[in-house]
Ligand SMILES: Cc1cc2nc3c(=O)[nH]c(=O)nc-3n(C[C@H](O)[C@H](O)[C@H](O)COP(=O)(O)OP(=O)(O)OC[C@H]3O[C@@H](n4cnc5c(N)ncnc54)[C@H](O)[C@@H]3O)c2cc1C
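First, one chain by itself in structure tokens, the form predicted on its own.
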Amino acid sequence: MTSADTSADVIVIGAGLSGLETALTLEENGLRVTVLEGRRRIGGRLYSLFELPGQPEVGGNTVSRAYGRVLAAAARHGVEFLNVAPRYAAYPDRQELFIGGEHISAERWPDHPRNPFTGAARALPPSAWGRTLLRRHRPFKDVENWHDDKHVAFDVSVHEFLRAQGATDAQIALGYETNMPYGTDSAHDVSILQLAFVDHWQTINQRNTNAADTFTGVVRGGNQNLPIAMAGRLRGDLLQGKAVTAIELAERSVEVHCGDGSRHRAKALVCSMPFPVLRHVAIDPLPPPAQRRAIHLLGAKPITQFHLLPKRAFWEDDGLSPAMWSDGISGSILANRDLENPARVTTLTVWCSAGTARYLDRFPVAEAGRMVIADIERLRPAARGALQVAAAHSWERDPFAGGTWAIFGPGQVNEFVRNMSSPHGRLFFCGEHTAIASRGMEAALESAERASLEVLAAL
């Protein structure tokens, strides 16, 4: 046998929040750590477009006071979170509604013939309908233990749950599957157990006893500055461009093979790779069957973003908000405002989700961008010639992501949650997809805590 290119106590795969937090914790406890990152950048699914005005986010956007681990990490690493809640209060940028190519004002929507909802729900915009129905008919009260065996009867699809509450297919199609928040293709492929917990987490983050204490936080200069600062505190190597292709486990060691031919050895390995990426890595010996099924079957939300630079404030010409919500390929559009001068819109972010994202991903990026702008111009003639694509990113086509947040399909919560993050010999798992008590950035750090304790106990 030839010697490995690097040797350490622990190898951590992934330089996102979870991988970096795990590496730093292990170093603080006296272990030598090497971090392998497949990309040529640090941050994982925190990805700030530093070159664009306002540094818009491709990945994680904001945090609240419920993100205690994230706020503590920022303070520990000298990163400043800014409260943008006053900006949102002053410039709410309500999304203009476009259905079937028609602009429908909030005043006209309750009585509009395109409105498929009934009763009091007719006053709800489509983006709020599913969330409101879920809260009215919450499947169980103990949502913090959403993954518990006692809730297995609710491990059914969102579609099945909504139909049981009397919703029609037309209501589900517009109120949930259009610009779908959770799911990969339709309401059939996500468990109501996960959606109930997600809604619970969002409720916690929106809860404020004092309006003056409202906090919506972003990192000054871009959220990616947090993992960049964390990486700067590492004592061991952080090697970029190391796409992992194989993992070999022995009784007391592990060896990692990378696409560039390099090999790396350690006593233990922590993997933060999302399962849609890990399923393409050869693991020897194979994980147990239940864990292997989770690695190969757990879904991730497809999102493709287009970041648009406005050449002029076309929304002032048509008198509408710069933000939009449509059932076309332009999907959901949010306005990004200058932190120093919030009256100024810096960029528009087009969020294309699920089936729309996958449709656009079939085209070359430049062509897909032209299609999105053409759709916006069709809906809003005032926007003609006013927009250009400054950046685009498909998270599902990203070879190191395979999508955004994890999606548990019907039956998968009961089958996967108990087994998917269990240590496999000297292989340990972290990442947002392995957390069970929080979501997003906070979930990444939650998983790092668990993985770090498991490694320390094993070594």
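Counting begins at 1, following the sequence as shown. Remember, it's a predicted structure, so these values are computed and weren't measured experimentally.
What comes next is about the form predicted in complex with this ligand, which does not appear here.
Novice: Identify which of T62, S422, S394, N414 has a heavy atom within 4.5 Å of this ligand in the model of the complex; exactly one of them does.
Specialist: The residue from T62, S422, S394, N414 that makes the contact is T62.
Novice: Which of V158, A383, A268, V277 has a heavy atom within 4.5 Å of this ligand in the model of the complex?
Specialist: By the 4.5 Å heavy-atom cutoff, the listed residue in contact is V277.
Novice: I'd like to check something about M441: if you look in the model of the complex, is any of its heavy atoms closer than or equal to 4.5 Å to a heavy atom of this ligand?
Specialist: Yes.
Novice: Report yes if any heavy atom of Q55 sits within 4.5 Å of a heavy atom of this ligand in the model of the complex; otherwise report no.
Specialist: Q55 lies outside the contact set for this ligand.
Novice: Is there a heavy atom of F117 no more than 4.5 Å from a heavy atom of this ligand in the model of the complex?
Specialist: Flag for F117 set to no.
Novice: Is R426 part of the interface with this ligand in the model of the complex - any heavy atom within 4.5 Å?
Specialist: No, R426 is distant from the partner.
Novice: Heavy atoms, 4.5 Å, this ligand in the model of the complex: which of 235-243, 384-392, 285-293, 124-132 makes the cut? Say which one.
Specialist: Every other range fails; the passing one is 235-243.
Novice: Since the partner is left out here, which residues of 4-40 would have a heavy atom within 4.5 Å of this ligand in the model of the complex?
Specialist: Heavy-atom contacts to this ligand in the model of the complex: I13, G14, A15, G16, L17, S18, G19, L36, E37, G38, R39.
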